[in-house]
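Single chain ahead, written as structure tokens, the form predicted alone.
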């Protein structure tokens, strides 16, 4: 039998212990902030019925869904001619389930399904992986974690402001210098109206959303290919070139959108959020960016995106207001707003900036050197006491050469190594070696406990 070369599917990764410790630091920081603001955790299955997922993310999103083949002899039930089958039609015949594309649509399904068990406004957070059949590239994976926080069942703009506070706190704690971009889908709808293409609103937003990825030239090409006139495209340019302070942009927008009721409503909402923001002394920049569109169709109001000021990697966090996501599941007129942190990109930024705290990588703080059976029996109760006092500790499992045991401690970045031989046992002391400085000192167990606590 040929030896198989081990590999993982494109766009997925293994995580080493060192990477996992750092990833958990991100998850724990985000969780801590979510909890501080009164959000509670839920989980939903990795797979959903395709009927739940299809049609919620737009045409492009539907293409990126990972579909799961039905179990058993799935082809025997196909009623169409395979030779002439169109892939989309065939897929719906042979797969009823798909891996979740995001956490927001499953959340909407969850809310409707558990209506009698939850209290509105319902504040939840969810940290789980999602899957997209995207072309893998730097900062873009096929399997990645999202950390979502949503509040549903309230129209209040205070919710948007709370999400801005959450973003500011998370990135401050993670030592990432971030800028929050804000826009409103009503403003974009108003723009589509005044350039004379309101029915092409979705095509316009999907194209604009790619601006930072493909550039203005390619966006214009896409708009033309969707049947948007060259005159309308020309009218878009000065709008997206608006500069100056948020106040200046709002003034210009009010003038541009004076004939669009929905557009002016969007301007009013943006202004309300900016006014709240000014009352908070957050160490974060909030910028009105009219080129921010968010490609997903379910957004209806404020939309957000967060970028690192120091590393060019795309969006680290994004989200917005959706007025009727639960409507597709039969629960009408329930408004929600939420954001999603991309843990994988945040990890990449923190790695590049070297801002992970050094001490989190060393999960073991103390290692006992193993000198033999008698010493093991002496050290085990001490080891137990250290662990009971919340100190991560271990003993080398075999009494092998000292060099091998020290190399192990070094490779794991263990800061303290304890040597207990016959001499130490007789005196009732521990010989403690600081692996960073190389200093060795004798101390009683209680002293060690005090030092480490």
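This one's a predicted model, so the numbers in the text were calculated from it and none came from an experiment. For clarity, a rigid core is taken as the largest C-alpha set superposing within 1.5 Å between two forms. Residue numbers count along the first chain shown, from 1.
One more form of this protein exists, namely the form predicted together with the RNA; it is left out here, but the text below deals with it.
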Whether 141, 402 and 423 all lie within 4.5 angstroms of the RNA in the predicted complex by heavy atom | yes
Here the chain appears without its partner; judged in the predicted complex, the stretch of 414-422, 30-38, 386-394, 45-53 with heavy atoms within 4.5 Å of the RNA is 414-422
Would you mind picking the one in 183, 159, 146, 169 that has a heavy atom within 4.5 Å of the RNA in the predicted complex?
-> 146
Heavy atom within 4.5 Å of the RNA in the predicted complex, from candidates 317, 188, 349, 337, belongs to 317
Do residue 119 and the RNA come within 4.5 Å of each other in the predicted complex, heavy atoms counted?
-> no
Using a 4.5 Å heavy atom cut-off, state whether residue 206 contacts the RNA in the predicted complex.
-> yes
So, in the predicted complex, is residue 16 in contact with the RNA at a 4.5 angstroms heavy atom limit?
-> no
Is there a non-hydrogen atom of residue 231 within 4.5 angstroms of a non-hydrogen atom of the RNA in the predicted complex?
-> no
Near the RNA in the predicted complex, with a heavy atom at 4.5 Å or closer, the residues from 413-441 are 419, 421, 422, 423, 424, 431, 433, 435, 436, 438, 440
Could you check whether the CA atom of residue 226 moves 2 Å or more between the shown form and the other one, using the rigid core for the fit?
-> yes
Per-residue C-alpha change between the shown form and the other one, residue 426, threshold 2 Å, rigid core fit | yes
Aligning on the rigid core, do we see the C-alpha of residue 442 shift 2 angstroms or more between the shown form and the other one?
-> yes
